[in-house]
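Next up: just one chain, as structure tokens, the form predicted on its own.
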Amino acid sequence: MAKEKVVLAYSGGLDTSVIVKWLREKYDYEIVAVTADVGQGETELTGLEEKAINSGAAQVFVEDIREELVTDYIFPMVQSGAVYEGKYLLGTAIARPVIGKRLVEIAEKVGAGAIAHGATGKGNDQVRFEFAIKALNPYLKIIAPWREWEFKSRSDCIEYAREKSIPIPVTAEKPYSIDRNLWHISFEGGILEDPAREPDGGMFRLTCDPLDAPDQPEEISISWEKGIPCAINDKELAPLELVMELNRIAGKHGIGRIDLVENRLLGMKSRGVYETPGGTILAFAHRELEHYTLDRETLHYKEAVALKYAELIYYGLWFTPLREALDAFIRTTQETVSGKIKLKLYKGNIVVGGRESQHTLYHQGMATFEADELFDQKDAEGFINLYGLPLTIKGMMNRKSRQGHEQEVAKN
């Protein structure tokens, strides 16, 4: 009788290495390991299939979804302007829905009845993966070992791996968690759980220390078409190639490091350290181009939409009607967000070097402090009188009330 199949989101890290063995012992499943190549690099992917098979997986899929991640998830996020809690560019969060989508596709392909993941019961990723699965195929069973097994910590997992002779990439002395994709790297846990402790300088992988960055600024330009970046220094690049090139350029100048104590979806605060070099440049340049091309009311309302969009991504609510509706609004706002932004990069900083767009709403003749024939400054008086009418009425009422009070005091 054939065993029931389970698709495991497999990274080859500590948690999923242990889970392969645990699932076989606990459920006697036939395990189909699925690794999503989201740009974590050859080092993490090399030998992964062999490792999964040696750990007990019956079948292994390594799926390259980098292009899909950039074009269908990251670029719409860039168009939205989403930034979580003012700092986090959502590098881990934005990759989860596309990974969840591929897990469902593989499960349906191989006839699996369940999907398992290694996200902890304290984190955000369990929600993100499971929301994606529920939205795309609610009939699949979900197994989250961290919510079931007897292990209470990563140290317990390390000990279990040693007992079962499972090769693992971390030690008890340095157990912080690393998540890498083409958009960013995140570091959490271990020594980073003390917010008073500065991150280890040798920990960073995509960016140099700003103090060690070149002593001369580098000037670059980014061209945009309807809110989508399409060229660097007037050289057109494919989406994935463009992001990777910006990672290289920005990393050289120490751009994109953040250290954040954030609010997780489950209610607790956590400390994360992130590197998002190319993403930091894109978010900066896109914001500058929007300021140049969007009218005031649209820009201000879109800022509110960006906050909500960031929450939807962070909370794992990508496959929702609200996100799709917001996308429709955002795409409309981006119709005129085309042009070029020139930047200067220097020791962790980004400075605007110039703006160009055929759709700009900036009118030099109107904005000038010099003499002009377009704006009659006398018109401002009527505007102030009408716009300030509520203040005038409120001031009159306050003054009348104050005078009445003073007369009462005088009588007594």
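All residue numbers refer to positions in the sequence shown, first residue = 1. Because the structure is a prediction, the values reported are computed rather than measured.
What follows is about the form predicted in complex with a small molecule, which we do not show.
Asker: Could you work out which of 298, 186, 137, 71 is the residue within 4.5 angstroms of the small molecule in the model of the complex, going by heavy atoms?
Answerer: The residue in contact is 186.
Asker: Consider the chain as shown here, without its partner, and state which of 334, 207, 223, 92 has a heavy atom within 4.5 Å of the small molecule in the model of the complex.
Answerer: Filtering the options by heavy-atom distance leaves 92.
Asker: Choose one stretch from 316-324, 145-153, 124-132, 107-115: the one whose residues place a heavy atom within 4.5 angstroms of the small molecule in the model of the complex.
Answerer: Looking at the other structure, the answer is 124-132.
Asker: Under a 4.5 Å heavy atom criterion, is residue 178 part of the interface with the small molecule in the model of the complex?
Answerer: Yes, residue 178 lies within 4.5 Å of the small molecule in the model of the complex.
Asker: Consider residue 309 of the chain shown here, and say whether it contacts the small molecule in the model of the complex, taking contact as heavy atoms within 4.5 Å.
Answerer: Contact check for residue 309: no, nothing within 4.5 Å of the small molecule in the model of the complex.
Asker: May I ask you to state whether residue 259 is within 4.5 Å of the small molecule in the model of the complex, using heavy atom distances?
Answerer: Judged by the heavy-atom cut-off of 4.5 Å, residue 259 is well away from the small molecule in the model of the complex.
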